[in-house]
Ligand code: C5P
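Next up: just one chain, as structure tokens, the form predicted alone.
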């Protein structure tokens, strides 16, 4: 890997998206939210009237889905079948309930692993998700795992007006056979339960400075 990648992993509502976005902005790198890529495929699955537990039907649908990516205002944007989904569509109750199931489908994961690795052609990346440091870019020296207690994460989701069973998603994401949620080897673990966003970002930037990345 020649293009620098900062991998920020963690469970739902740990704060990793906010941290990654702030770090990317401070460094002038491209922010990539990989969770939204799984969400847009989940949205397409539901739009097609397919049950999220019907792996065969999802596998059959996947090749017909056209994905495209471009950088806009420092963030990677993704379109599915030429459509840019809204935050409301990506975070709808149906998508929230189904995304961990769709993310387990081997063909979906294989497709997005390839797509995500190819994004380095757009420049230096701050990429967040659940398997960035363990699967997508395991060789990057810049790995972080942002965590928080289940209670704190549930409160964060509720404050955003989202219905998201974080405990169930943790179980599904951590026990799936294909690329489970784990703390990547060599990652700096940061518990954000009692920290502000500014404090977590400061921890990440300080570690990156020690790793030779200027802020």
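As the structure is a computational prediction, the values presented were derived from the model and not from experiment. Positions refer to the first chain, counted from 1.
This protein has a second form, the form predicted in complex with cytidine-5'-monophosphate, left out of what is shown; the following refers to that one.
- The closest heavy atom approach of residue 100 to cytidine-5'-monophosphate in the predicted bound form falls within 4.5 Å.
- Using a 4.5 Å cutoff between non-hydrogen atoms, residue 186 does not count as a contact of cytidine-5'-monophosphate in the predicted bound form.
- Of the heavy atoms in residue 153, none are within 4.5 Å of cytidine-5'-monophosphate in the predicted bound form.
- When contacts are judged by a 4.5 Å heavy atom cut-off, residue 111 does not count as touching cytidine-5'-monophosphate in the predicted bound form.
- Each of 34, 38 and 130 is positioned with at least one heavy atom within 4.5 Å of cytidine-5'-monophosphate in the predicted bound form.
- Across the options 76-84, 118-126, 141-149, 103-111, residues that bring heavy atoms within 4.5 Å of cytidine-5'-monophosphate in the predicted bound form belong to 103-111.
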